[in-house]
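Heads up, the chain shows up twice below as structure tokens, two forms, tagged structure 1 and structure 2.
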Structure 1
Amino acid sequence: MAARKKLNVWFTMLERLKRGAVSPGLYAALLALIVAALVMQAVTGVSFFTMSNMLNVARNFSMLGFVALGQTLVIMSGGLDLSVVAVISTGNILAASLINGNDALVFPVLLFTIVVGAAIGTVNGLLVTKRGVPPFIATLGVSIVVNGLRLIATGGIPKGNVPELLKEMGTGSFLGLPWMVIIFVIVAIFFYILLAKSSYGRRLRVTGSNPEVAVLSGINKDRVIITAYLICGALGAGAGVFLAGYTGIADNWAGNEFDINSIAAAVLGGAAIGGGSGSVQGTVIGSIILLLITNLAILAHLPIQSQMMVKGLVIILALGFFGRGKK
């Protein structure tokens, strides 16, 4: 009886966290960046709000969004996934080499690549749950192995061609809206339902917040955690395929910086390092904030070192003033 009462209290607390998943400060930070863009336009004449620039930001946002959604699930489970760089790069290479310019192979190869990403994610999850390897070490080790296998297979030189259909998906639009954004919105809606409305979302929150309570309530916490890593790997691989369509080339290091940026987007959006809280809408806003920072720094012609410093300072300030961590 005492255990049931404890569990009911825990679920009540989690429901409150879910309803207030997005901090008002996050919207304030987003508004501040929009104001900064307007001020920069007034002072320098350089506009963020040109159609070409906004479409470019939207496409980049979509690709970061895919990875950040998967990272959000992993962080909510109490872990981190540093293998997303290797998974994205591998998806990128597989897309170009297996499709090799043939439009008819785009969707079969996309499905195959997602399965490969899911398999890599499953290995991460098994190492964390069944072998007790810390998530940082497990995913870093898997990343090194995957990178090594990819470089051996390609000889360090990517081969293959990106077909026109995939290029259209990466850079084309429908009724003025980029295909990448349309695909991302569909995926984001699915994951909103998964986290906010399904039993898996509830089990994930409980598992990340308190594994002991999860076990006590009959939740198979290992399965929940493995599923989170599996989904993260699948989304990362899919992002790698779309990235090939966006850039039009195969790149052995296409996934660089997606690990840090996806973690930052998820945490900015309210995902607590240590597990238990997070939301799709928060991660979406966190991704937008990160890309706005990067784009404004580029438009201001800041050198890459200054861009990194500005991004880091904004993330620290945002988390310091508006962030939420696990208490």
Structure 2
Amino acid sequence: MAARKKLNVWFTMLERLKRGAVSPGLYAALLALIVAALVMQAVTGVSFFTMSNMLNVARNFSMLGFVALGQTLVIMSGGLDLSVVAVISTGNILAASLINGNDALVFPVLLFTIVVGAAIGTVNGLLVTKRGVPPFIATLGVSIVVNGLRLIATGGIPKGNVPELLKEMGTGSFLGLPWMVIIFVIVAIFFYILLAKSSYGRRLRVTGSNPEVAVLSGINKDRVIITAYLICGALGAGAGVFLAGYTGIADNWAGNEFDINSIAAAVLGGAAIGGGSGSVQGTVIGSIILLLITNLAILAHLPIQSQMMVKGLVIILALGFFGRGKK
């Protein structure tokens, strides 16, 4: 009897790993990457495993992480958000132009910017749910419009200065840990709880994998989906503000490449395009993998062509051979 119970426990654990949020293949990929880095360090003596490199990677990873978390929610809902570039850039510009070097304004403006991002996300969500516009097109259209509006507003010349407080948040550390990382960890824990523990996370997952059951179970499907886009927009805008702090520069195109990278991070982490699956842990690992690749490529002086090919091949390998998010 006891033996049987023990067996059951084992089975449950095995089942959980197999069915767990993160595919074992992803852990394997991360492990392989770390081993590759170790070998590289041993052979060529590059300083991969140094505190400062790790912290740098972690800080960069936070920025992508914010966006990738939002993207994860949207992908889980069955969508895709291509408007993050526009949203990040807008957040970036808003931060500098409204705060204009005044430390006292950092938090109010951060809040305001997040609201703007959330509003843009809501437009995405409304187009997708109320009108059934395919997410790809809805978010693409919205992103073009937002870019246009931002450029009209700035006349192409970003104004304002990034205040010291924001720079400190973007680049400074607390007890040896970069603020960005601390903030990201808090946000990630919040989202981990949201996705894995909260009723919203459960409802999002169910809505993504079977919208019909969701509706019949009394879930307000549209609200769940719109919320996902809203959160993605809010996180994007927030990331835009932090990006201004990180670089100290307001840039009309600060968000470039974040769309593709955030989608890649989420999908590498097990979020399936089409909806239903995805997790914070997975996305975090996915983002880490992407950034480690970049970091290793630079440490190894790989030229741009190899960097691009490696990135493409990693996506193919991860999704083609280890991926669970197959269609």
Partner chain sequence: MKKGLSLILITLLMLSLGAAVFAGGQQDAAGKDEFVIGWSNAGMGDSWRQFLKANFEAEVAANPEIVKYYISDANERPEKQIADIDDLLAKGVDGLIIYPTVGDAIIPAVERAYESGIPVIVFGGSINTDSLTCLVTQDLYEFGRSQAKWLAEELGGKGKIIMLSGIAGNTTAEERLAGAREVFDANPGIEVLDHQYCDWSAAKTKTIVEAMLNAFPEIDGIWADSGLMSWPALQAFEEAGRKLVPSTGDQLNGYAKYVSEKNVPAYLYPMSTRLSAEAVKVLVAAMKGETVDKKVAASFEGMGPEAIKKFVKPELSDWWWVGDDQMPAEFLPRL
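The term rigid core refers to the maximal set of C-alpha atoms that superpose within 1.5 Å between the two forms. Bear in mind the structure is a predicted one, so any value in this text is a computation, not a measurement. Along the sequence of structure 1, residues get numbers from 1 upward.
S.K.: Choose the one of the two that is the form predicted together with its partner chain.
M.R.: Structure 2 is the matching one, since it is the form predicted together with its partner chain.
S.K.: Core-aligned, is the CA shift for Q281 between structures 1 and 2 2 angstroms or more?
M.R.: Moves: no, less than 2 Å.
S.K.: For L55, is the C-alpha shift between structures 1 and 2 2 Å or more after core superposition?
M.R.: Yes, L55 moves 2 Å or more.
S.K.: On a rigid core superposition, would I260 pass a 2 Å threshold for CA movement between structures 1 and 2?
M.R.: No, its C-alpha moves less than 2 Å.
S.K.: Please give the CA displacement of M40 between structures 1 and 2, in Å, after core superposition.
M.R.: Rounded to one decimal, the shift is 2.9 Å.
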